[in-house]
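Only one chain is included here, represented as structure tokens and corresponding to the form predicted alone.
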Amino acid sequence: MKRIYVNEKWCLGCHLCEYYCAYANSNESDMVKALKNIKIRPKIKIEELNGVTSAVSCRHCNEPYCVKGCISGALSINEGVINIDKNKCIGCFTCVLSCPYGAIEPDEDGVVDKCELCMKNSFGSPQCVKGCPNNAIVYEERG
């Protein structure tokens, strides 16, 4: 299965992946309209530790603790992608606590949000990869 991988050595910490992610999940056809004068809520985050920057997002684990811990059944795996059914989410945030990567966050609606590899929007492939100017983020299958 294809997954997102990050090479920290190439990450510039520019945050463009966050903007492309927020745009891809905005349901807008124009990036300026989607992002101007709003606080963006990307599903990928740039983190810095000891001078090293890296993009952090859902790793779509083979044995996901978040899915196992979801008491409402809102998280499921479909062809290797961990998806959220926001109608089933009760906002208990067990998945937030279960994720060892910190890739699941509470949404402003009281439910959770995470990367779904842009499979539920009109792009169909991760836009954070497209937006990375240094190719530090890749979407590929590895053995």
Partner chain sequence: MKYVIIGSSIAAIGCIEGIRSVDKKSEITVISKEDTFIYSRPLISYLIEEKTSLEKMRYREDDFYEKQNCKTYLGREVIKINDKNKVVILNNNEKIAYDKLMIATGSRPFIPEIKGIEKVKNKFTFMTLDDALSLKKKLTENKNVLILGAGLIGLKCAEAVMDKVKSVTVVDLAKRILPSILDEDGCKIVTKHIENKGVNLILDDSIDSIDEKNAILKSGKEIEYDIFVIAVGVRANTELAKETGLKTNRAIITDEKGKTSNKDIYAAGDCTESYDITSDDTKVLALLPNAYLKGETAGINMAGGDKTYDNAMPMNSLGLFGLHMVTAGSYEGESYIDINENETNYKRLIYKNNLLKGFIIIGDVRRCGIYTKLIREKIDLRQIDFELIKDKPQLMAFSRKYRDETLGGVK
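Please read these numbers as outputs of a predicted model, since none were measured by experiment. Positions refer to the first chain, counted from 1. C-alpha atoms forming the largest set that superposes within 1.5 Å between two forms make up the rigid core.
Not on display, but discussed next: the form predicted in complex with its partner chain.
- Not one of 26, 29 and 61 places a heavy atom within 4.5 Å of its partner chain in the model of the complex.
- Taking the partner from the other structure, its partner chain in the model of the complex has no heavy atom within 4.5 Å of any heavy atom of residue 80.
- At least one heavy atom of residue 99 is located within 4.5 Å of its partner chain in the model of the complex.
- Although the partner is absent from this view, residue 40 stays clear of its partner chain in the model of the complex, with no non-hydrogen atom inside 4.5 angstroms.
- Shown alone here, residue 139 lies farther than 4.5 Å from its partner chain in the model of the complex, counting heavy atoms only.
- Along 88-120, these residues reach a heavy atom to within 4.5 Å of its partner chain in the model of the complex: 88, 90, 91, 92, 93, 94, 96, 97, 98, 99, 100, 101, 102, 105, 106.
- Superposition on the rigid core between the shown form and the other one places the CA atom of residue 50 2 Å or more away from its counterpart.
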